[in-house]
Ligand code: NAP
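A single chain, nothing else alongside it, follows as structure tokens in the form predicted alone.
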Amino acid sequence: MATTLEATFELYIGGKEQPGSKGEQRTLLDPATNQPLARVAVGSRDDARAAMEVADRAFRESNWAADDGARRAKALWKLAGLLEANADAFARLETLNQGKPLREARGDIGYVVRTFEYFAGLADKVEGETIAVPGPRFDYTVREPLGVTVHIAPWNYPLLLAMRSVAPALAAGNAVVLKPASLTPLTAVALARLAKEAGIPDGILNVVLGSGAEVGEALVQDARCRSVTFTGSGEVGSRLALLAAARLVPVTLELGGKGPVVVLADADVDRAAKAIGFGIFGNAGQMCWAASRLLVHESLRAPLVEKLRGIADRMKLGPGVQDGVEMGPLVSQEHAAHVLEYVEEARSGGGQVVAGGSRPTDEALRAGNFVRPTILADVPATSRAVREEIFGPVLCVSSFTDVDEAIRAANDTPYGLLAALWTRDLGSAHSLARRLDSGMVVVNEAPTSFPQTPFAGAKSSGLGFEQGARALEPFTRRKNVLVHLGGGKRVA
């Protein structure tokens, strides 16, 4: 099946598309076939600086920041409508570029639509406060946009995770420069085209393609950068935080996880199995909050693992654009090989492969980056497969007899993004949720989030938060104004 896209995707700066300053292009591959998909421009440090200059000028000279927020709200709401009207095209583009099944891509685009709608509703509600002070004085605060904000997005949810921070930054009145992941930039460029039609002024939303080492670092180091939002690996996040700290620029970091799922003895096994399967095999496990460690009470281990094995074995793999496909390829050949290295190391270290553990044997899938849904049991707790983020469809299973033992094991990780808990006892649910060292906890639920609920991690999973009504705060600064009212005579 031919999937090549005819268009070349270029940088989007100042309301227009343009090639990179060096004239370079690269070919993106369809992860389902490793055949050419599209040509994209390759940006440079000069392009990063140009985008920052354009964004800074637009911030100062347009009325985007100066308005009371109603104009921004209308533009963001219109952008949401335009995206919704083109949702099928965006979902297909996301699937071709990233690999996930169309049904998942459609859900992602729907989430982005809702994100723009949500923050459009907050754009005219950026409010200050009055503060009681002694004497004939009046004190108040105002919240002002920062200026130019930089957003560096990952490849696993290319548009969703980019817009999760871009939307509130725009709603607060900032100008934005977005660097999408080099592997998956297509929907970011397509979205920028819609922004102009929605009425967002030229230069307020810019997209620069290129490598993180060159373009990403140039954006963060630019003197006009006032905020950095990054989703990706801990190593890169730490590097960007150091660069930002040199200029005292605030950062928001979402750096991954190793999510535990604790299943108590009274859990609903059927519901838990379906949710756990979704939480590790959705998007081929390429999720920061993937439910990748299963800690199940020994009394439920056999039936739960058997149900999960059935889910893994029956799952239909294939190109995401094909009907009925439940799991697509991993994003690249290199990443697929990296995931299988973890599996082989766990196997050689004494772990049992309950399901999957290899590439599929189907000849039609041989050219793609496919890895079978994998379940590993009894992998030593010190194994890299248990300790590190695999970012693939690999579930590690262990059992427990005591709840305290389960909570200790769940928290025994450098990460703390999302934890899941399964129990019919509401009291246990609330008390144990407090003991799980994670930024988010779901109870009797697959990994789930909404634009109005905070998304945050603990420990090495990140810094700061995204989503929710307070998500505009990191993109504003608080200014205090104190006015002496004078000591004039009282007027009768």
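Counting begins at 1, following the sequence as shown. Bear in mind that the values here come from a model prediction, so they are computed numbers and not experimental data.
There is another form of the same protein, the form predicted in complex with the ligand; it is not shown, and what comes next is about it.
- Hey, in the predicted bound form, does residue 121 get a heavy atom within 4.5 angstroms of the ligand? Flag for residue 121 set to no.
- Message: Is residue 64 part of the interface with the ligand in the predicted bound form - any heavy atom within 4.5 Å?
- Response: No, residue 64 is distant from the partner.
- Task: Flag residue 226 as yes or no: does it have a non-hydrogen atom within 4.5 angstroms of any non-hydrogen atom of the ligand in the predicted bound form?
- Result: Contact check for residue 226: no, nothing within 4.5 Å of the ligand in the predicted bound form.
- Might residue 217 be said to contact the ligand in the predicted bound form, defining contact as any heavy atom within 4.5 Å? Although the ligand is absent here, residue 217 would touch it in the predicted bound form, with heavy atoms inside 4.5 Å.
- Have a look at 256, 356, 392, 351 for me and say which one sits with a heavy atom within 4.5 Å of the ligand in the predicted bound form. Looking at 256, 356, 392, 351 one by one, just 256 meets the 4.5 Å heavy-atom criterion.
- Task: Scan 369, 252, 413, 156 and let me know which has any heavy atom within 4.5 Å of the ligand in the predicted bound form.
- Result: Checking each option against the ligand in the predicted bound form, the one that comes within 4.5 Å is 156.
- Task: Answer yes or no: in the predicted bound form, does the ligand come within 4.5 Å of a heavy atom in every one of 116, 442 and 467?
- Result: Looking in the predicted bound form, the three residues 116, 442 and 467 all stay beyond 4.5 Å of the ligand (heavy atoms).
- Item | Region of this chain that lies against the ligand in the predicted bound form, out of 296-304, 341-349, 265-273, 234-242 [heavy atom, 4.5 Å] | Result for this chain: 234-242.
- Taking only heavy atoms into account, state which residues of 166-182 are within 4.5 Å of the ligand in the predicted bound form, ordered by sequence. 179, 180, 181, 182 sit within 4.5 Å of the partner.
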